[in-house]
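There is one chain below, alone, in structure tokens, taken in the form predicted alone.
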């Protein structure tokens, strides 16, 4: 049975989105999948990655009109007969939450958090959630102005972390660095900006997929080895840490989570305590690592949505290492012209 899945976040750049990893996971699964890339810019690399994306469409920005977004999805559906849409970007999730029922009427399925779930995992709500699932949360203050920043720094001290509402987190060792990061994030992502106490320890990530009834479709954990300047995982190693995995399961059960998620945590060197740093409401950019280790969460999500038999175990080997690398694609300029002019592009190798 041919299954058609539309995937966003195919911007595989220096700050990569999860989309190409999701598509690669589906292509290497046991499913017969046609992958449709939903792009916001004609230069998103996933558009031109013939091996993972079969056809791409340019989407209107999610900050625009709801009706134009639905209209574009309906147009794509009229051509592609979409079975599933996997949203992979925080900034677009709110509009998908608004139109999920509209898509369901078309026969398009999604597994995404509700607005209430989305709110409860917000950075400004993490202290309460951390306490409820039995872990800690670094002291933080939400700032919406420069005076707020100065007041927060006086309380939190240095070093500290300066974090955006959706993306990006930077360590600041002094006022100059804090001001620089604050201005950069505010100009790019808006408010609130989080000033958080810096905890000395090792960083870990756990990913999973919630069914919406408190159960999960699988859990996979890593220890970060190196990250980019924007905090993206570059190298990582798979690990088994029962306390981390159990905390993630408790979070999924507590929120009755629907869809993919990333549980970012830090284990303090001195005490061994787990600190919840962030919950990302979708699969992360390194999602393919889990698939490569036998926990193919995008495949499980699609099968779950289509009522197909699926696995939900979390059995994988520790000590598997992910090496991220950059590569170059050489394409004909006519492909760029087609996606720019027509708003869609069928990859040549798929014709």
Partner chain sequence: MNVEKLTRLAISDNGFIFDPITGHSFTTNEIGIKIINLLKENKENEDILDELAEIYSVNENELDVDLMDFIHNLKNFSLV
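Residue numbers count along the first chain shown, from 1. Every value quoted in this text rests on a predicted model; they were computed, and no experiment measured them.
One more form of this protein should be noted, the form predicted in complex with its partner chain, which is absent from this view; the next part is about it.
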Response to the item:
Note: its partner chain not shown here; in the model of the complex, the stretch from 178 to 186, 72 to 80, 230 to 238, 248 to 256 having heavy atoms within 4.5 Å of it is 230 to 238
Worksheet item: Among the candidate residues 98, 132, 202, 125, which is the single one with a non-hydrogen atom no more than 4.5 Å from its partner chain in the model of the complex?
Response: 202
Worksheet, complete the sentence: Answer key: of 197, 223, 109, 121, within 4.5 Å of its partner chain in the model of the complex (heavy atoms) is 223
Worksheet item: in the model of the complex, does residue 318 have a heavy atom within 4.5 Å of its partner chain?
Response: yes
